[in-house]
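Listed next as structure tokens is one chain, alone, in the form predicted on its own.
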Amino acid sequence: MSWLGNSSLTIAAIIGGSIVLALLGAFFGLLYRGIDRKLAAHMQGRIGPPIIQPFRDVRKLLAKESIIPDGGVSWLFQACPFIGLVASILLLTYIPVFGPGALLEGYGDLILILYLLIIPSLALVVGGFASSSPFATVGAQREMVIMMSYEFPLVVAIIAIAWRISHVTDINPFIFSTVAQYPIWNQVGPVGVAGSLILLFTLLVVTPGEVAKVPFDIAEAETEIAGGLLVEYSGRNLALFYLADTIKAFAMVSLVVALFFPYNLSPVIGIGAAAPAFVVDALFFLLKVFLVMFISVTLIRTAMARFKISQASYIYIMAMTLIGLVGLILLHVDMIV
């Protein structure tokens, strides 16, 4: 009976924690989306929408009817937005956010994160095909190509970090707590620092592709294929995809922070009490997320135009994969010099 009681308490804590993370992820994802749009507008000499505009967009979409296109696979068309949102929320439960460890730490690692990152994109692809729209079909084909392209440099960067950490500890290097305990910058010399910077650069370039932002938003391309994957989505279904996209963006940037900047501020400034330390570390985490998002998403999409599908595929499969391998080689050289 005792075990059942503890098990029930754990399950309740996980469910409650997941709901809280989903709400926080949606809130900060939408907030960062609004800040991103405002900053991009100012850098382009525009006023831009108010920061709270993404919240208004979601509220308006949730109040509208979801229209099912004629000829579409109705049940699959409506299931895909929900699947994409759930997968995006699951990402937050395995990635350490707001300072402490992940909610489901010990139940999954970086390899699982790689699989979970694919699911929201797959949901978009399947939803596009299920809509029976030729524009969505083209967008789905493009999304598949982009998805297969950025997985190569993403995997190289993550495996390189875990491989280097594995040489200083016997603990599983693919667990976030191990990455936080043995930050990559503390384990390498000058050559290794150069390799780590290259791997960081690789992930910063992968991020806009992972979250489908300019110049890697080829699958949507409103001016070419009228929104592509999402052309037939409306109302609540479109709101779910919108929320999934913002939460995934927040999770992806949180992943970069967890891999390269797993530091807390409270020990540095001498805060020992649990509650104040949590607040300080959470605010510090949000600052790190903002800086990474500004560099990897806002600056890139403001400075560049949309790539062709062939250009984007080449950049990821060839250029960024090779650059990531150079970073891995430098980490190896750092060990033997």
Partner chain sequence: MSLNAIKRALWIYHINTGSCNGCDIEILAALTPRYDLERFGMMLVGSPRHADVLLVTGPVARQMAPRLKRVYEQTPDPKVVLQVGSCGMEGGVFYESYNLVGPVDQHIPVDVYVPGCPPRPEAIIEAVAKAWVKLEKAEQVA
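Residue numbers count along the first chain shown, from 1. Everything quoted here is computed from the prediction, not taken from an experiment.
The form predicted together with the partner chain is left out here; the points below concern that form.
Would the partner chain be touched by all three of 167, 179 and 267 in the predicted bound form, meaning a heavy atom each within 4.5 Å? Result no, not one residue of the spot touches the partner chain.
Which among 286-294, 38-46, 306-314, 273-281 is in contact with the partner chain in the predicted bound form, heavy atoms within 4.5 angstroms? Selected stretch: 38-46.
May I ask you to choose, among 238, 205, 211, 154, the residue with a heavy atom within 4.5 Å of the partner chain in the predicted bound form? Contact with the partner chain in the predicted bound form is made by 238 alone.
Heavy atom within 4.5 Å of the partner chain in the predicted bound form: which of 234, 141, 187, 78 fits that? Just give me the one. After the contact test, the surviving option is 234.
Please check if residue 257 has a heavy atom lying within 4.5 Å of any heavy atom of the partner chain in the predicted bound form. No.
4.5 Å heavy atom contact, residue 302 to the partner chain in the predicted bound form: Taking the distances in the predicted bound form, the answer for residue 302 is no, it never comes within 4.5 Å of the partner chain.
At the 4.5 Å heavy atom threshold, is residue 230 in contact with the partner chain in the predicted bound form? Residue 230: yes, in contact with the partner chain in the predicted bound form.
Does residue 31 reach the partner chain in the predicted bound form, with heavy atoms at most 4.5 Å apart? Although the partner chain is absent here, residue 31 would stay clear of it in the predicted bound form, with no heavy atoms inside 4.5 Å.
Can you tell me which residues in 47-75 come within 4.5 angstroms of the partner chain in the predicted bound form, by heavy atoms? If the 4.5 Å heavy-atom criterion is applied to the partner chain in the predicted bound form, 47-75 yields 47, 48, 49, 50, 53, 56, 57, 59, 60, 61, 62, 63, 64, 65, 67, 69.
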